[in-house]
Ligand code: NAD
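Let's start with one chain on its own, the form predicted alone, as structure tokens.
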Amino acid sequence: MLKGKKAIVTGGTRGIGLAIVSKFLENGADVAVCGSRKETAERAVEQLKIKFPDRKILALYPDLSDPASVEEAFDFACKELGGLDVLVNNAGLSARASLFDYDYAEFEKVVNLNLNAVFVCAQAAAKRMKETGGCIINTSSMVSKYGQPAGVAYPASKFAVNGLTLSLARELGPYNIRVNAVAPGVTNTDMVAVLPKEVIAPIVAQIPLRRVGEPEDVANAFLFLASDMASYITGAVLPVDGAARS
């Protein structure tokens, strides 16, 4: 589905991001994997190259909120991969502190990665896609619609990601650049896997499909939106949450 495509995936070293990278590689794309640190990015790429020896895979570790750092990394990726067709803005940070205890510096940290970095990377990608077209896919969340009872920076940042997605879809459409988002629900990542059954059971009971999502469930949505099958879809925020509504 992505044969010949060139992609950059931020937050691609573990969890949903790593599942997206693997899904893209399985479907013929070459991928630059962005991690928060050099060692994590290079370790992920080493493991991926064992599984996908015929694909071109790069390790990147820019400061995603620093335009100069992102420009340098994207220049390198485009040169090594031979262009850029797909950007996945998946890097993110969560926190669940009460408003009464929320440290402002922590609030800024969450917004800086979850929103500001999405803007910086989308801008850098759009510059490189302006003449050829492409697609940008942002990771939102089910809490972007329903909120959450604590940790206000996370849902606020994801509400903003939805707004950025819809607005950029309108602005970039004339350049044949599609912009969409995927909004996962509770997903079986490392963080969820360590939770005790008594914590998970009530969550599962509220999901009509009676299970939490798997990273591959979410990765499949990114694959579809990145592919030519979604060539007339832009400005969408696709829920992948089992119809969970809380």
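Numbering starts at 1 and runs along the sequence shown. Source: prediction; values computed, not measured.
Below, we refer to the form predicted in complex with this ligand, which is not included among the displayed structures.
Contact check for Asp190: a heavy atom falls within 4.5 Å of this ligand in the model of the complex. Although the partner is absent here, Ser140 sits close enough that one of its heavy atoms falls within 4.5 Å of this ligand in the model of the complex. This ligand is not drawn, but in the model of the complex it has no heavy atom within 4.5 Å of Phe74. With a 4.5 Å cutoff on heavy atoms, Gly151 does not count as touching this ligand in the model of the complex; it lies far away.
A heavy atom within 4.5 Å of this ligand in the model of the complex is found for exactly one of Leu48, Ile177, Val186, Ala219: Val186.
Note that among 49-57, 201-209, 66-74, 32-40, the stretch whose heavy atoms approach this ligand to within 4.5 Å in the model of the complex is 32-40. In the model of the complex, the residues of 1-27 lying within 4.5 Å of this ligand by at least one heavy atom are, in order, Gly11, Gly12, Thr13, Arg14, Gly15, Ile16, Gly17.
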